[in-house]
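What follows is one chain in structure tokens, specifically the form predicted alone.
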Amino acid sequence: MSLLDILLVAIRVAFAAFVPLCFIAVCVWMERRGAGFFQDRAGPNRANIFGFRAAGLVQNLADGAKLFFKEDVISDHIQHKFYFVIAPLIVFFTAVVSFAVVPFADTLVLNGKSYIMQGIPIDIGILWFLALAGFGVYGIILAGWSSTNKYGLLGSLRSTAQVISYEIPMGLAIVSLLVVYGTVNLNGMAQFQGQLLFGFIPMWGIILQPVGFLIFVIAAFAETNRTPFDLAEGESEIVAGFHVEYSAMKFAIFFMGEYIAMFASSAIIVTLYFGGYQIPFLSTDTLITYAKPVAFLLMLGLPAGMYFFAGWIRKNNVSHYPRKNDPRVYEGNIYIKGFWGLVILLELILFAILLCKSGGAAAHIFVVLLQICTFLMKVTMMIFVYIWVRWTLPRFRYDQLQKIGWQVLLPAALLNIFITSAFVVALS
């Protein structure tokens, strides 16, 4: 194995491991800012480091320090301490590993060698995700049972029933996709969506399977225990459910596991239904062929976009009342200078691509980086949908949750498989 092989393997494994962890901070920030926006109130805007608030991101550091230094309490009535401790680790680990099979860019070809852009490059990607997503509920079951608390036990039982109710429609929604894509390989699914329907419509899963998309997204909300399907926690009914006895870093690990699961779920939704890393109307081959024109257009677009972004920062990064030498204006100017520095660096990189050979290694690397950025943008937009729904819809009652799963989603998923199969057979 050459040095290049080792380096690329290390990069893709590091991406699959550390990007979900980094997105915890992004998700928490989006949750708080989104909640403030939807409820017409200020979000996090006080915690700072030497006056720098980073639009509320510093609040995450304050929360992390608070949870790290809080007393880690394990009550005397808890009899199964080993399972009590290992439960949050199971939830956290399964959420991280479930993302490892999601492709974040098309296969990179350098010097005649192909490098698959996945943390774990296996062919049974979607089956791996389903297995790990279902296994995560064992952590919740162990947490509720080992807590020796009635509220915790009720929360774990609710989560178990919820997974049973919604994993079946989710699997059936994927079956209809498999009929269309003809593969369980997630990279193959993403490559399939790079084609055009009738020559001008991207063949994304949401266009080919709109009913399956709705079923899968609803089931994904239930799998991640997000509102309106957060019956396992149900503060107004069972206090905090399965994690009622947890504190300090054990609670934080549950908390982080939920956001990593939301990130992984968003990534799989994007891969199955929104083209994954594919840019609409621009397949990988097209991008490699026209890498220089694309780089030139980006060179023109980046300064223009930064100009408007800087104006937005100046408009919003001011105090709500007149202040002499407003520190928020000073803070905003520092951010603007930093972003302009980043734009200049990107411009130099794009200019270097213009000087390189067409269709060479530089073009392939440029396309991969462009697809990674596209993938992360789509995932971020899907995470916003999760947050949007949470702060818009109320929690379902337990009987309503079961009714939706068994009497609505399950028949709809079976009917969708029948209709999809009929179309595929007719058109083939």
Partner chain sequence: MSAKVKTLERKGSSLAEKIYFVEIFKGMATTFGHFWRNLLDNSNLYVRHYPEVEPEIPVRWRGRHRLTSHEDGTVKCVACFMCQTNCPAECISIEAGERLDDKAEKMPVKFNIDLLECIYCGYCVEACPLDAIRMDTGIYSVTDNNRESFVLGLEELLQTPGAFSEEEYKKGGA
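The structure presented is a predicted model; accordingly, all values stated were derived computationally and were not measured. Residue numbers count along the first chain shown, from 1.
Missing here is the form predicted together with the partner chain; even so, the following discussion is about that form.
### Task
Just one of 318-326, 99-107, 258-266, 145-153 has residues with a heavy atom within 4.5 Å of the partner chain in the model of the complex, so point it out.
Selected range: 318-326.
### Task
Using heavy atoms only and a 4.5 Å cut-off, determine which of 389, 361, 369, 381 is in contact with the partner chain in the model of the complex.
Exactly one residue meets the criterion: 389.
### Task
Name the residue from 393, 376, 365, 57 that puts a heavy atom within 4.5 Å of the partner chain in the model of the complex.
By the 4.5 Å criterion, the partner-contacting residue is 393.
### Query
According to a 4.5 angstroms non-hydrogen atom cut-off, is residue 42 in contact with the partner chain in the model of the complex?
Residue 42: contacts the partner chain in the model of the complex.
### Task
Classify residue 214 as contacting or not contacting the partner chain in the model of the complex by the rule of any non-hydrogen atom within 4.5 angstroms, answering yes or no.
Residue 214: yes, in contact with the partner chain in the model of the complex.
### Message
Taking the partner chain as it sits in the model of the complex, is residue 279 near enough to touch it, meaning that at least one heavy atom pair lies within 4.5 angstroms?
### Response
Heavy-atom contact with the partner chain at 4.5 Å: absent for residue 279.
### Message
in the model of the complex, does residue 200 come within 4.5 Å of the partner chain, counting heavy atoms only?
### Response
No.
### Query
Is it true that 113, 299 and 309 each have at least one non-hydrogen atom within 4.5 Å of the partner chain in the model of the complex?
Verified in the model of the complex; spot residues all out of contact, no.
### Query
Is any part of 29-61 within 4.5 angstroms of the partner chain in the model of the complex by a non-hydrogen atom, and which residues would that be?
Residues within 4.5 Å: 34, 37, 38, 40, 41, 42, 46.
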